[in-house]
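Shown below, as structure tokens, is a lone chain in the form predicted alone; questions about how it binds or moves come after it.
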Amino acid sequence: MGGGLPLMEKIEGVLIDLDGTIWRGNELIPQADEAVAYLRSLGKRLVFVSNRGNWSRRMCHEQLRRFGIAVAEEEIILSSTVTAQFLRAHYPLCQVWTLGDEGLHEELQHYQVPLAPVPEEADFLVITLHETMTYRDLDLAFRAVHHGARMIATNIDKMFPNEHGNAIDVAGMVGAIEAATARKVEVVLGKPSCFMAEAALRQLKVPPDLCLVIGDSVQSDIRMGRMYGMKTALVLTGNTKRSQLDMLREKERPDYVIDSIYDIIGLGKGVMW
């Protein structure tokens, strides 16, 4: 069984996923707000780390506040945020075309990343989740790459949990452009990349061995935590089901498995590997 409260006594910073951990679509996961409040009551430093590349931090901040979760905007690290920071730092004069929803545009503009006026002039195509995508959107992205734009993806998750179950994620958009152009994405900025982990650690100002990652994805949340020597807690309210646990390889296994983030309060239902 899990170690219960002694674990939290050793933790100073907590990285918390959003989709499948705090909410599913427009529905708050039961008592997730209470779990966050509990962690704050212990004096833990928190950062919300999400592969939501089609949202801006402003949009995410508003959603958290609607669910009654107190958070500062700087405590939110999205793959759209890290993508914008990456482009601004390494390619400050590049022009960007996007395949994604408006939140990605908002983050790019916040960091003053130039947007190409037409796809043919783009240096990079940035691909993220596009929940309102049309054929025209897809074709414009194709034209950018066809005319030489290099491809970046905010993440390459295959699916994400919402109120209806699992929904197609960025991998579907990436697959369409890669298949049509015979070109490949060069950089992926979201979890489990070093870009996301290091952005979160800079915000927390806590060493990795004193951090805990809580998330629903073995491939993104647990893998990122394990690569950095953080403790990991897998929740079963999103992408991963209990029936899949026995199939996990050693390097994929979380330190704890809990039914939901609310169980972090005691970890009494957790399983320590």
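Note that this is a predicted model, so its numbers are computed, not measured. Numbering starts at 1 and follows the sequence shown.
This next part talks about the form predicted together with another copy of the chain, which is not shown.
S.K.: Thinking of another copy of the chain in the model of the complex, which stretch from 117-125, 131-139, 100-108, 70-78 has heavy atoms inside 4.5 Å of it?
M.R.: Flagged stretch: 117-125.
S.K.: In the model of the complex, does each residue in the set Asp17, Arg45 and Val113 place a non-hydrogen atom within 4.5 angstroms of another copy of the chain?
M.R.: No, the whole trio is out of contact, none within 4.5 Å by any heavy atom.
S.K.: Is Val185 close enough to touch another copy of the chain in the model of the complex, meaning at least one heavy atom pair within 4.5 Å?
M.R.: Val185 belongs to the contact set for another copy of the chain.
S.K.: How about Arg223: is it within 4.5 Å of another copy of the chain in the model of the complex, going by heavy atoms?
M.R.: Yes, Arg223 is a contact residue.
S.K.: Please tell me whether any heavy atom belonging to Glu198 falls inside 4.5 Å of a heavy atom of another copy of the chain, as the geometry stands in the model of the complex.
M.R.: Result yes; Glu198 sits at the interface with another copy of the chain in the model of the complex.
S.K.: Check Pro207 for me: does it contact another copy of the chain in the model of the complex (non-hydrogen atoms, 4.5 angstroms)?
M.R.: Contact with another copy of the chain, no.
S.K.: Any residue of 50-87 with a heavy atom within 4.5 Å of another copy of the chain in the model of the complex counts; write them all down in order.
M.R.: Only a single residue, Phe86, comes within 4.5 Å of the partner.
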